[in-house]
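Given next, in structure tokens, is a single chain: the form predicted on its own.
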Amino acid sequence: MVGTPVLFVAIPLLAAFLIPLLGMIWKELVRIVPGLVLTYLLILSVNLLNHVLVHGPIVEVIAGWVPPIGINLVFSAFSGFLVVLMEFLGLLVWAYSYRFKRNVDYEPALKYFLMLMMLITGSVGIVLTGDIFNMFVFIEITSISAYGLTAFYKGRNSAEASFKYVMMGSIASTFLLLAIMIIYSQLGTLNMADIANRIHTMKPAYKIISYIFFVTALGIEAEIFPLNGWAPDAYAEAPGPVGAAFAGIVVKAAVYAIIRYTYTIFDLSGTLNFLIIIGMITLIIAETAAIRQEKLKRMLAYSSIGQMGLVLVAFGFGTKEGVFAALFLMLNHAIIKSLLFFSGSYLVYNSTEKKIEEVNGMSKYLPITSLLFALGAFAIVGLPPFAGFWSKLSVMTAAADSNMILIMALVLIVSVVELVYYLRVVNRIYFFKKEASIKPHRPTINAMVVMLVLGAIILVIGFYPDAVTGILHKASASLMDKGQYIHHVLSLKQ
């Protein structure tokens, strides 16, 4: 054994509890401890992923109570891939946030890093848990942390954005509990593998109602239209690094939950077509909204929503090629959109309104940051030879294999729309004169290192996609093998 999945929950929770106490000894520990914890968890996740790619999933039983009675965590190739991605992005967000605002006092820094730790813990817990009630608990941990981070700046707009997020989150919690109640009342179990094994005995009407409740609840965090009303305001008002955490970690966890329910737990016909329809609607609405935005972060937020719509469309194909394309999109979106939020935050650092017109001429004052933003912009729209090209090509290939010509046309049209609004920003950065009232702020060394790492990854995947395709193929095979998931969890009874 190379480690245990329970450490992904136990260690960061313990660290979050100890951070305020350690801060009383030396204030700098409030910033240092999260980095040490996330570094360890990233190394652990990579070791576990290497192990499961060879030996199969790890099922961790809590307190000796075997499934379906006890609580269990499942670290498979699919969930492990997402855990590695989340821990990696969490570490980068921490490194970037270290002195992001030099004038941030001890108390705000304490709250920020504590909530960031809880956000990552909750998101990883959603991916690892093997029962639907603990998934609800982890979703609540993630949501409460996200509310607090949205309201980090004590202004009216931040409070309004956080309040809107809280209201939507409350609705999600209600729907999620109703769905769990229906499942438990009908099957008498909360274990996902046990539910998947017995779901065929449940009345179709109850199955449909509970599935709709699940997707509605999780769709709020996954930014599915029309449940994503909170997202643009939250992205715009939260600190820049938090936008990257939302796009790269929180949304990925919510999408994982929807896909796990759709592929593993429910056996309803038509759910894949449902994913394609809501994905297409989300994609079209979000990209249409993005092109009309005047504020940079709101534009990035709508772009992120649109990308999640495309991910759902790819999962909706229901084929290995479609799942592979969806995972490739999730990986590239996490890397590229994080770079865009990181670099974009410095382009509008001293701006009050954070408007796109305020990035005019920034290439002369922030040449590397501007170059990295342009790199992210070209990558996210799918221009070769950058990483985003291969994931969009994978979607096109999967759509062609499924004879979905409409999807292929939609991906091409959306790519053109994305190109238009991202080029509008890049054009202002390089070919417009700087606004006299805006004072550029140079990135800190740690922030620059983080952005360069993300830029390098985009180039590596772009020039050598085989660096990640092997893991993505095994992760997609793991998701598609419903029988293997049920067997590995329920065989622990014997």
Partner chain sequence: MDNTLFGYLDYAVYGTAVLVMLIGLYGAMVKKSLLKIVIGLSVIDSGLNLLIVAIGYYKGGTAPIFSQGFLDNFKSVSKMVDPVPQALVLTAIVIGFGVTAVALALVIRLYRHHGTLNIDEIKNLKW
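Please read these numbers as outputs of a predicted model, since none were measured by experiment. Residue numbers count along the first chain shown, from 1.
Omitted here: the form predicted together with its partner chain. The next part is about that form.
- Identify, from the list L412, L177, A400, I208, the residue with a heavy atom within 4.5 Å of its partner chain in the predicted bound form. The residue from L412, L177, A400, I208 that makes the contact is L177.
- Message: So its partner chain isn't shown here. In the predicted bound form, which residue out of N273, N157, N350, T288 has a non-hydrogen atom within 4.5 Å of it?
- Response: Looking at the other structure, the residue within range turns out to be N157.
- Query: Within 4.5 Å of its partner chain in the predicted bound form, do F133, A161 and S170 each have at least one heavy atom?
  - Reply: Per the other structure, all of F133, A161 and S170 touch its partner chain.
- Message: Among the candidate stretches 253-261, 362-370, 232-240, 313-321, which one is within 4.5 Å of its partner chain in the predicted bound form when only heavy atoms are counted?
- Response: Only one stretch qualifies here: 232-240.
- Message: Residue-level question: is V137 within 4.5 Å of its partner chain in the predicted bound form, judged on heavy atoms?
- Response: Although its partner chain is absent here, V137 would touch it in the predicted bound form, with heavy atoms inside 4.5 Å.
- Proximity of Y153 to its partner chain in the predicted bound form, heavy atoms at 4.5 Å: Answer yes; at least one heavy atom of Y153 falls within 4.5 Å of its partner chain in the predicted bound form.
- Message: in the predicted bound form, does I144 come within 4.5 Å of its partner chain, counting heavy atoms only?
- Response: Answer yes; at least one heavy atom of I144 falls within 4.5 Å of its partner chain in the predicted bound form.
- Can A374 be called a contact residue for its partner chain in the predicted bound form at 4.5 Å between heavy atoms? It does not: once its partner chain is placed as it appears in the predicted bound form, A374 has no heavy atom within 4.5 Å of it.
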